[in-house]
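Quick setup: one chain, the form predicted alone, written in structure tokens, and binding and motion questions come after.
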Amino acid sequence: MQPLYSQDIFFPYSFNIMTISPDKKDFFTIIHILGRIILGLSACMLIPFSVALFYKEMGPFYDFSTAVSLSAALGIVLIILFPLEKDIGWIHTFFIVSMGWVVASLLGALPLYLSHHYACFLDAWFEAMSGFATTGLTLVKDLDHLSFAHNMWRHLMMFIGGQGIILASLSLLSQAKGSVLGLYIGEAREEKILPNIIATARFIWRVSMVYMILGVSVMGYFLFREGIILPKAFLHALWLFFASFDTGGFAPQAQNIAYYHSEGLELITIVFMMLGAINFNLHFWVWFKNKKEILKNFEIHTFLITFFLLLTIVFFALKGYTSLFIFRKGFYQLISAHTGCGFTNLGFAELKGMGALSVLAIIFAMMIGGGVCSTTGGIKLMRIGLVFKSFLMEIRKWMMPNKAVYKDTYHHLEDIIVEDKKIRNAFIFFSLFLAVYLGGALIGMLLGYPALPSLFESVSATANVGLSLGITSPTMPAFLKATYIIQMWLGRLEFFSVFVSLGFIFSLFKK
């Protein structure tokens, strides 16, 4: 089969959610597919369950036994009671995606809550949503003494969430009938890589597995050299790969990357953060088509421009520090923020101590994020590039004669004409993200936190980054925890799945 790609943004803006008229069969289809997803999630829980068995961790063994049993039973019951009476269609997909992520995070929180490392179930749910959304904000207590099994689950959630919960579950269980394009789009993927969506999802998994073998081997070697015993070095390498390539930011130790005191490991994680922030379509192109594409790609050019502009600001803000500190600390925070990973080799106080200007640069980097169809969050490089390109286009039009017709292009796998529709879509996403960034910051300020840290934390949650200035903690108000859970959910799904789902619910009440 000849590989294909698409430059279109697939969200069906012409789809009028107020005209949805679901019936009983639509409801059965949605619940049935949710049952499959839950069953797939229970299968994934067998991995940390096996880790608990291997390391003879009896408490975690019972935690995951309970979680696997309840999840599998619920999934089977839903599949039996709600048979699939319709093929999957557009009327179902967005609701399945948005509700699927909520259900997955609630069930994923169960073994975490049973570990007694979380003050309440809300904290465990926060952790699970942060994991699945590849955010990395954490409310765990005494992380340094968390079991191997629970740490495996924290990091595995990021790996599953980075690939996409819905298609991960469906591709593991069976070939779903009907159109699964909406499931792919609903999880914030804007470009097909192969004509078949399941084939596209499986290609993404293959890419991830190849990088996982490479990443775990290299990181495990460095950790072993640092004096960590081989089995533990392997596990830490696996978890750090999940967190870097899927731009999640969780770490198995409370000090995050600073725990390892390894410049080599920091450089390796930078490489995998970058790989995770690159469009999977570009990975495909470089692997199978034209390696020079990475030098010409619009998103790569946008990243280089925005990153080095922000790095200049950081260098200026840290001009009193040594060059080594600027590179190891300032550069690392910025690349972690821009790729949406959230790894840090600084504590909260050190990060604040970089100064307001550096913090602002990191905020802007988090806002932008990485490539579309990648594991990262934020507004995305393609949209930022198109927004600024539209400004330049308008300036050039003003400088030309009135009757002149001006068209501009950008290169993303091919030369593409900048159309009004693409610019409009970019501005829609830009506006939505900006509104949620500011809305979360306002809530933080109303709850008594300073303005800059409130904005920092809100952007980190919505853009699925995970860097923190210390607001995120088990002691923060429950309302703020719930706010960040919603922001992580909205940011990971990029709003439209949630909006269409609300239209679906609204249509039920109208009947």
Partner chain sequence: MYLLGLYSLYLRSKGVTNIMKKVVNVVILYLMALISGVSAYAAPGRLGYILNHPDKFDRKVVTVEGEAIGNLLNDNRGGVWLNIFDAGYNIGIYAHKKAVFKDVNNFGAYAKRGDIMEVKGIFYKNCPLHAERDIHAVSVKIVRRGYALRETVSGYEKLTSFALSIICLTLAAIYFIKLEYARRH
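Numbering follows the first chain given and starts at 1. Not measured: the values here are computed from a predicted model.
There is also a form predicted in complex with the partner chain; it is not shown, and the following applies to it.
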Partner-contacting position among 420, 144, 414, 394 - heavy atom within 4.5 Å of the partner chain in the predicted bound form: 144
Heavy atom within 4.5 Å of the partner chain in the predicted bound form - residue from 295, 324, 400, 304: 324
Interface stretch in the predicted bound form with the partner chain - options 382-390, 96-104, 258-266, 421-429, non-hydrogen atom within 4.5 Å: 258-266
Close approach of residue 58 to the partner chain in the predicted bound form, 4.5 Å, heavy atom: yes
is_contact(residue 349, the partner chain) in the predicted bound form, heavy atom dist at most 4.5 Å: yes
4.5 Å heavy atom contact, residue 474 to the partner chain in the predicted bound form: yes
4.5 Å heavy atom contact, residue 80 and the partner chain in the predicted bound form: yes
Whether 217, 235 and 468 all lie within 4.5 angstroms of the partner chain in the predicted bound form by heavy atom: no
Those residues of 355-386 which, in the predicted bound form, come within 4.5 Å of the partner chain by heavy atom: none
